[in-house]
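To begin, one chain is listed below as structure tokens, in the form predicted alone.
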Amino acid sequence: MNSNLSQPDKIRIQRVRLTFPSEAGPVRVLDGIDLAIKEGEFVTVIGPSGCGKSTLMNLVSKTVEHAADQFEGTIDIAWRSNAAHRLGYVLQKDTLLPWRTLEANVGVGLEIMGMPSHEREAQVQSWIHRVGLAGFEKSYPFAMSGGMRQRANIIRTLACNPEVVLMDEPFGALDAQTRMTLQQLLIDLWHAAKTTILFVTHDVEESILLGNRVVLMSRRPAKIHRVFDIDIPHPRSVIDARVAPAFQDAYREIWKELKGDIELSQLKNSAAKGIA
């Protein structure tokens, strides 16, 4: 069972609707999203391509401007302190600063926060060692692999001790072996810190391996189609979890629902073009 469900709500998304203008007329992207994410919960979001998963993340992070006639509903985060509202956002492509070394990149958030240099250096070295990047402290991003850069991208965010972390397909561009390594790293880091994480992915397997709950969004205009509880205990191994009965059951159920929605969307698109 998901023990985090007894915790208070951290993120509350209520009756959210979003419409974008277009040359063909208004396009409804989100159509009544209701979702509560608990303190310390790891929730993954999956759905058909283009259904609005990233748009929802951008609304939570307030990186999308929404005019009054386009946006309806409320999105609230229950911050623990008014003095330090820390939200981290990790994207698919790393956003490391090319003119900074690895250690300088990892410490940039702490520097902005005003942490004293000796304390910041200790924190940075601790995180670098924790994720197996020791020896590359003076390296620049161009000299590091994609997996190394994404590790740096993640710990740069986590080093700031955010209350909420949003992750939009952070492993999508990586090879299979690197992805598995970083999936396990993220599980271990979350298990130690119990940060609230909202994670978008296109990968059904990844959504189950990482999430305590999987939120399945429908095709556009998107609603919450179904929420799946993932009953795989922690500490969780990305290898062992794949053979767990709970993983197999969840995979079949999620794929069945997702596949049906994708096929229905394709039929409707074909009909609209006069093909079907």
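Only a predicted model underlies this, so the values are computations on that prediction, with no experimental measurement involved. Start at 1 and count along the sequence shown; that's the residue number.
Missing here is the form predicted together with a small molecule; even so, the following discussion is about that form.
Participant: Quick check on this chain: which one of L216, A241, V60, C51 has a heavy atom within 4.5 Å of the small molecule in the predicted complex?
Facilitator: Exactly one residue meets the criterion: C51.
Participant: Only one of E163, E205, E72, E169 gets a heavy atom within 4.5 Å of the small molecule in the predicted complex. Which one?
Facilitator: Selected residue: E169.
Participant: Would T55 count as a contact of the small molecule in the predicted complex, using a 4.5 angstroms cut-off between non-hydrogen atoms?
Facilitator: Although the small molecule is absent here, T55 would touch it in the predicted complex, with heavy atoms inside 4.5 Å.
Participant: Quick check on H225: any heavy atom within 4.5 Å of the small molecule in the predicted complex?
Facilitator: Judged by the heavy-atom cut-off of 4.5 Å, H225 is well away from the small molecule in the predicted complex.
Participant: Any chance V29 has a heavy atom within 4.5 Å of the small molecule in the predicted complex?
Facilitator: Contact with the small molecule, yes.
Participant: Among 233 to 241, 246 to 254, 207 to 215, 43 to 51, which stretch has residues with heavy atoms no more than 4.5 Å from the small molecule in the predicted complex?
Facilitator: Single hit among the candidates: 43 to 51.
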